[in-house]
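Okay, so here's just one chain, in structure tokens, the form predicted alone.
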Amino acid sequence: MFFSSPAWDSVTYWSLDIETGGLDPRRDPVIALGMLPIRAGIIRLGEAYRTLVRPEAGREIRPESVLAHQLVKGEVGEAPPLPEVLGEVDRRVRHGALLVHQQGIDVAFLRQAFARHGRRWPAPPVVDTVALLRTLNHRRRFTNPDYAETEPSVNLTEARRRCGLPDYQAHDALTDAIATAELFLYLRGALGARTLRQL
């Protein structure tokens, strides 16, 4: 049995990116978060939310992660604590979809953080631009036997370049959320997705 799915542009998508102190959600901290909505197919910069996040006790920023985001302990020490930031995330995504680039990182960190702080995960629909890139790549290989790319890059900057989108400074949470939102709108158009389910 097929269930109806809302039109893609009737859904609010919260494009979200986090910067972390490492790649292990069980032990590394969330240290920055940025998010903004896409409403009626339009990126709403005026509703953006951006914050640094104070690392939880016992969760240190790994030196190798500093090379990417340039955030050190002294910069985040006075930032809002993670439970406060999770409340802001929850309030926003509860009535919409979550849009990320590589849900295996962002969603994994968020789910761990919600559980650790006794908050119920709001379980929004998740749209992952990496999954959309793979779908588009598969479609192009199916319709064009001469199409050479076997696996699309999951790097956000490289993926945007292949789609003709401009480069932005990487590893700033809000800038990456904007970059993900733009990539999503391009991919939605390229795929011709008309409903949330098709995304």
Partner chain sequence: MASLDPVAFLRATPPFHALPAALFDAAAGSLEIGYYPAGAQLIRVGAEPLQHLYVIRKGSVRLERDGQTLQVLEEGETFGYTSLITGKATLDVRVEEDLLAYRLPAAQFQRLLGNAQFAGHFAVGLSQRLKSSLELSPVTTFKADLQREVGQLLRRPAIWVEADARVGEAARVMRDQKVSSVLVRGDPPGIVTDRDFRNRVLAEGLGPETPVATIVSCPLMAVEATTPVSAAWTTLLDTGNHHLPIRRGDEIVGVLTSTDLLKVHAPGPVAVLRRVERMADRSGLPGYAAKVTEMVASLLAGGLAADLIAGYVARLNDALLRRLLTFAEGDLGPPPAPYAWVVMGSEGRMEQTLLTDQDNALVFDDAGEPERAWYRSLAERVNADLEAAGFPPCHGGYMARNWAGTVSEWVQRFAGWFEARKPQELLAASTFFDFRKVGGALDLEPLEAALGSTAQHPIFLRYLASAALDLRPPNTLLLRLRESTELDLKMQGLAPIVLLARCYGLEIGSRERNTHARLEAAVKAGLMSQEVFNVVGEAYRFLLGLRLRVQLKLASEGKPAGNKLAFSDLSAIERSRLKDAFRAVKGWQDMAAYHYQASF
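Everything numeric here is computed off the predicted structure, so don't read it as measured data. Residue numbers count along the first chain shown, from 1.
Form predicted in complex with its partner chain: not shown, discussed below.
By the criterion of a heavy atom within 4.5 Å, residue 142 is excluded from the residues contacting its partner chain in the model of the complex.
Mapping the unseen interface onto this chain, residue 172 counts among the residues with a heavy atom inside 4.5 Å of its partner chain in the model of the complex. Residue contact with its partner chain in the model of the complex: residue 191 places no heavy atom within 4.5 Å of it. In the model of the complex, at least one heavy atom of residue 167 sits within 4.5 Å of a heavy atom of its partner chain. Only one segment in the set 131-139, 54-62, 35-43, 151-159 has any non-hydrogen atom within 4.5 angstroms of its partner chain in the model of the complex, and it is 35-43. With respect to its partner chain in the model of the complex, the three residues 50, 178 and 186 uniformly fall within 4.5 angstroms at the level of their nearest heavy atom.
Heavy atoms closer than or equal to 4.5 Å to its partner chain in the model of the complex belong, across 97-120, to no residue whatsoever.
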